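This document starts with one chain, in the form predicted alone, laid out as structure tokens.
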Amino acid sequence: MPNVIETTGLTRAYGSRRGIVDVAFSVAEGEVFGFLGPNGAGKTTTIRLLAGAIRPTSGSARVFGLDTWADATRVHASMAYLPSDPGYLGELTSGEQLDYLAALRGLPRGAWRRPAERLELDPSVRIRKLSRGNRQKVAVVQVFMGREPLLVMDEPTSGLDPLMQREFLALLAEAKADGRTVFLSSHNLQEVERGCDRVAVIREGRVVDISPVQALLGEHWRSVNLVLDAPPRPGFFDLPNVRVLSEGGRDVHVMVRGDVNPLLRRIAELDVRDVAITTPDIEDVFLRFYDAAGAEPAEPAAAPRMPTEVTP
């Protein structure tokens, strides 16, 4: 499968300040590629280089074989781009703004209607009156309203509520099924886990890991909280990848690492009133990349007995 994106030694300095250094990765056609890192790690700089918005200090970024700086106009024709902080014309309604953006991309008027309806965006409200979340809906709608083969998005679900985040993931899955390629940065680990095929982790301007999503998450612990109808027998949860933190009475708290299926099969033998499985925080995923010693904790950190919200 050919690569849609290729970077080699990609470096960008801002005077004496670091941007990114020797960033190298490739994204295959039809792949959803996640880009993870804390604020200031270099995610937005990388995306702006891919979009041809800034020039690299050294190295190269190529999209569909084209240099993103030298051939920026041709690259833009094949790309839908969602920046981290898009600017809009405040006196226009969201529908008028989207029609304007559609015209710039050669799309017909109203091309935005289907994604706007799915994200429950009111096209009649002026941009300046929109909430932060509704402004972000405009950004998401504009990136999905066309047919460009490459979507590049910087923190696309920032400000969206959980229901709209779920709809975003549905749109993402449809784009992938249609053979389109997606590059997105995110702080939302569940978004990356559910939507991406592979993920790169960037630390202090350098890519420190590129892995399939499940391989990255499989190295970390998940917290599983159960409320049972009856206490389990002693040793019921003794499994190689499970650590029991509390097993007294009907409330059980265990941690699982890697493949969750053996634990799920064991849980299926019980009468369960409530269950909550908590994915690791983004900070947990970054831990081994930011630990100076490069070692992971010997024990998983204890989590609260039961989170405020549980999933039946």
Partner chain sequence: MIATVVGLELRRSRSLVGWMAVLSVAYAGIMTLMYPRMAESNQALQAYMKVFPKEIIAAFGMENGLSDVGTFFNVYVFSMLWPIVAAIVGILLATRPVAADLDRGFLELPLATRISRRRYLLAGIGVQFVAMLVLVVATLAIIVLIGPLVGYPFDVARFAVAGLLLLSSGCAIAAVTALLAVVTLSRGVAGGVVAGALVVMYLLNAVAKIDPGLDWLSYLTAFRYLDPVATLDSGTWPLDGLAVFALVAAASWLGALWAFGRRDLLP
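Owing to the predicted nature of the structure, the values given are computational and were not obtained by experimental measurement. Residue numbers count along the first chain shown, from 1.
What follows is about the form predicted together with its partner chain, which we do not show.
Participant: Under a 4.5 angstroms heavy atom criterion, identify the one residue in L239, A170, V125, L89 near its partner chain in the predicted complex.
Facilitator: The option sitting close enough to the partner is L89.
Participant: Among the candidate residues H76, R180, R206, R118, which is the single one with a non-hydrogen atom no more than 4.5 Å from its partner chain in the predicted complex?
Facilitator: Spelling it out, the residue with a heavy atom inside the cut-off is H76.
Participant: Within 4.5 Å of its partner chain in the predicted complex, counting heavy atoms only, one of 31 to 39, 258 to 266, 245 to 253, 44 to 52 shows up; tell me which.
Facilitator: Partner-contacting stretch among the options: 44 to 52.
Participant: Any chance P83 has a heavy atom within 4.5 Å of its partner chain in the predicted complex?
Facilitator: Taking the distances in the predicted complex, the answer for P83 is yes, it comes within 4.5 Å of its partner chain.
Participant: At the 4.5 Å heavy atom threshold, is Q142 in contact with its partner chain in the predicted complex?
Facilitator: Residue-level check for Q142: yes, a contact with its partner chain.
Participant: Looking at the partner-bound form in the predicted complex, is L101 within 4.5 Å of its partner chain by any heavy atom?
Facilitator: Answer yes; at least one heavy atom of L101 falls within 4.5 Å of its partner chain in the predicted complex.
Participant: Just checking whether R222 would be counted as a contact of its partner chain in the predicted complex - the rule being heavy atoms within 4.5 angstroms.
Facilitator: Because no heavy atom of R222 falls inside 4.5 Å of its partner chain in the predicted complex, the answer is no.
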